[in-house]
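Just one chain follows, in the form predicted on its own, and it is written as structure tokens.
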């Protein structure tokens, strides 16, 4: 089947050859074609260009023509960091935050990750799947076409595997591109209090081998930060994951200068995420790596945390990805358009930079930059059509407006 979009006001994020990422000053560049066409064949982008160069088609070809005059087309968002498989919300902790309790104080009282872990233990796989499917539909309608989903609310072998099986089922039953990450080292469960080293041994010696045996994860993650897992523990876990073919994606430097960035770089992690605490040493480490620095503006906004020095990182020549951190406790939203707005408002990124950070660069942070993240011949046809707007700058500017008229995933409208 072929679909031909015509009279596209602006076809944004176009490239003739798939790029790895955009870094430093390059992040301010955004390629687009005005008054464009876009041809989709089956699941893939077949061709594009200005309307003056639209190709001739055979009369016997079946082509669905879609006139999108006054509208723009962009590649779907790639959300490279979420925890969207969970059971139940945590609005009571939201009230605790309003009253002044810190993230660490709530965690010490059995809230936070441990709260979600208790709820997940009770829930069935089917309940988790149905709830997660609602969130998948939600983010798809917000323009997300690829998403990474972590485990980490199980905190036992049985429940971590339960989460990963739910993610596997989501992969098999949705049009989104989904990557699964094993995050057994998200927190220390209550029954291992005072015996953290034993829990780390459980992750290494039992969880990782079983996850690998069932081929349930693409990546492995560790919450390497103050009050959670140490650099040495993270090193051991990443080494074990590497032996089983699991590349790292690390929670790092959200709460302090934890060393998480450096240990992530040591193991060639695909990304290090959060990064509220980044100095010259961390930047120098990242500059020598292939690791994508990934900022989670929703979590910093929701928790009122210090902001990552994004401009300093880009000025040093680093790439930046933005992701939602969709989860029940610290970022209960998967709206990547709002993440773009936060990137502009709080981090002083330009509209061009946030578009690059949520498409090409976040695709790299998921390991899918060769197939997603831009309008490029041969890439998967994941895209969205805007409403009638004057400029692409309006997308992050109008931060609460729904500006998406149509969504196409894998070459089909949803």
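As the structure is a prediction and not an experimental result, all values here were calculated from the model. Numbering follows the first chain given and starts at 1.
Absent from the display: the form predicted in complex with N-(iminomethyl)-L-glutamic acid. The rest refers to it.
- Of the listed positions (291, 258, 308, 330), a single one reaches within 4.5 angstroms of N-(iminomethyl)-L-glutamic acid by any non-hydrogen atom in the model of the complex, namely 330.
- When N-(iminomethyl)-L-glutamic acid is considered in the model of the complex, residue 223 lines it closely, a heavy atom lying within 4.5 Å.
- Shown alone here, residue 282 lies farther than 4.5 Å from N-(iminomethyl)-L-glutamic acid in the model of the complex, counting heavy atoms only.
- Proximity of residue 277 to N-(iminomethyl)-L-glutamic acid in the model of the complex falls outside the 4.5 Å heavy atom cutoff.
- Shown alone here, residue 113 lies within 4.5 Å of N-(iminomethyl)-L-glutamic acid in the model of the complex, counting heavy atoms only.
- Annotated contact segment (heavy atom within 4.5 Å of N-(iminomethyl)-L-glutamic acid in the model of the complex): 321-329, selected among 128-136, 238-246, 321-329, 205-213.
- In the model of the complex, the residues of 63-88 lying within 4.5 Å of N-(iminomethyl)-L-glutamic acid by at least one heavy atom are, in order, 81, 83.
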